[in-house]
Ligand code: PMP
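A lone chain, given as structure tokens: the form predicted on its own.
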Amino acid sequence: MSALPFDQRDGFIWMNGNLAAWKEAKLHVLSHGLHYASCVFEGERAYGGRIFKSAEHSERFRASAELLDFEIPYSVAELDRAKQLVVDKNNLPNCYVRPIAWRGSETMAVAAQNSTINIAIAVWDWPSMFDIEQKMQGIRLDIADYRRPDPMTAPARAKAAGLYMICTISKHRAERRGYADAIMLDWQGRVAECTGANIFFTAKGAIHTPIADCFLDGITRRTVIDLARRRGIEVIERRIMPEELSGLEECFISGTGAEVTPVSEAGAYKFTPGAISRAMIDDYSAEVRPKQKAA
């Protein structure tokens, strides 16, 4: 990825129905979304010019806004067309796609029912984090201090900006300690997810993953579960306590950014990336890339 700051790049960003020059796509410092976290977003990827599961992401985008008590003023079909327009206009067939919605600057108080809902869509180059052989070495994970909140205290099913505050803190701490990321426990001390990815483990040929009821049920997560079941691999969604990790074999994470990435270490626990991790990497890579039409 380029080291150029995100506000200094060239290209186009879609804002509220129109394409804007990248450097002119701005919001006011007194926007409600900035001060009160009334903001939702999506993380998507385009492969070969096609956004993977675009409609599913748009549906979740709208659902996240509803959980934060506002409505996205565009339909799923309109959002899908806008996203594709931005990919095409920026000539980035393989890229990261970021739709975002926030309350505007009409009100600067907790209550903001009359604020305008703003929508923007940006895309940028974001290659896969590692090649296959690097991935199979596995990344190292820390164990975060902060936990995912009780779903009675926050809209846990929304992809909302405010829920990522503790993720940033935990990711920074992990990187300072030499780790790539961190496992976050849930409010009851059970394994939940990483700071921006879901997590899977294997034991005796089956895949085990935490129940996604107090953290985001990722679209990549659901894709991996479907791919595993297509292979005939049993997938068990269950509560996983940290002390169980010593008895598990492989570990891998999934997300738009991470795609499928094996793990070699999580705190004191060691894993050996193996056949299931490799199969999920290969299957996911084949799934996301546009199929070639027969001659």
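The first residue of the shown sequence is 1; numbering continues from there. None of the values given here were measured: they were computed from a predicted structure.
The form predicted in complex with this ligand is left out here; the points below concern that form.
**Q** Honest question, do Lys135, Arg140 and Thr261 all end up within 4.5 Å of this ligand in the model of the complex by heavy atom distance?
**A** No: none of Lys135, Arg140 and Thr261 comes within 4.5 Å of this ligand in the model of the complex.
**Q** In the model of the complex, which of the listed residues (Lys159, Arg147, His208, Arg190) lies with a heavy atom within 4.5 Å of this ligand?
**A** It is Lys159 that has a heavy atom within 4.5 Å of the partner.
**Q** If we take heavy atoms and a 4.5 Å cut-off, which stretch out of 114-122, 159-167, 81-89, 174-182 is in contact with this ligand in the model of the complex?
**A** That would be 159-167.
**Q** Check Gly33 for me: does it contact this ligand in the model of the complex (non-hydrogen atoms, 4.5 angstroms)?
**A** No, Gly33 stays farther than 4.5 Å from this ligand in the model of the complex.
**Q** If you check in the model of the complex, is Ser254 within 4.5 Å of this ligand, heavy atoms only?
**A** Residue-level check for Ser254: yes, a contact with this ligand.
**Q** Could you confirm whether Gly218 comes within 4.5 Å of this ligand in the model of the complex, counting heavy atoms only?
**A** It does: once this ligand is placed as it appears in the model of the complex, Gly218 has a heavy atom within 4.5 Å of it.
**Q** With heavy atoms only and a cut-off of 4.5 Å, decide whether Pro155 touches this ligand in the model of the complex.
**A** No - in the model of the complex, heavy atoms of Pro155 and this ligand never come within 4.5 Å of each other.
**Q** Across 190-207, which residues bring a heavy atom to within 4.5 Å of this ligand in the model of the complex?
**A** Residues within 4.5 Å: Glu193, Cys194, Thr195, Gly196, Ala197, Asn198.
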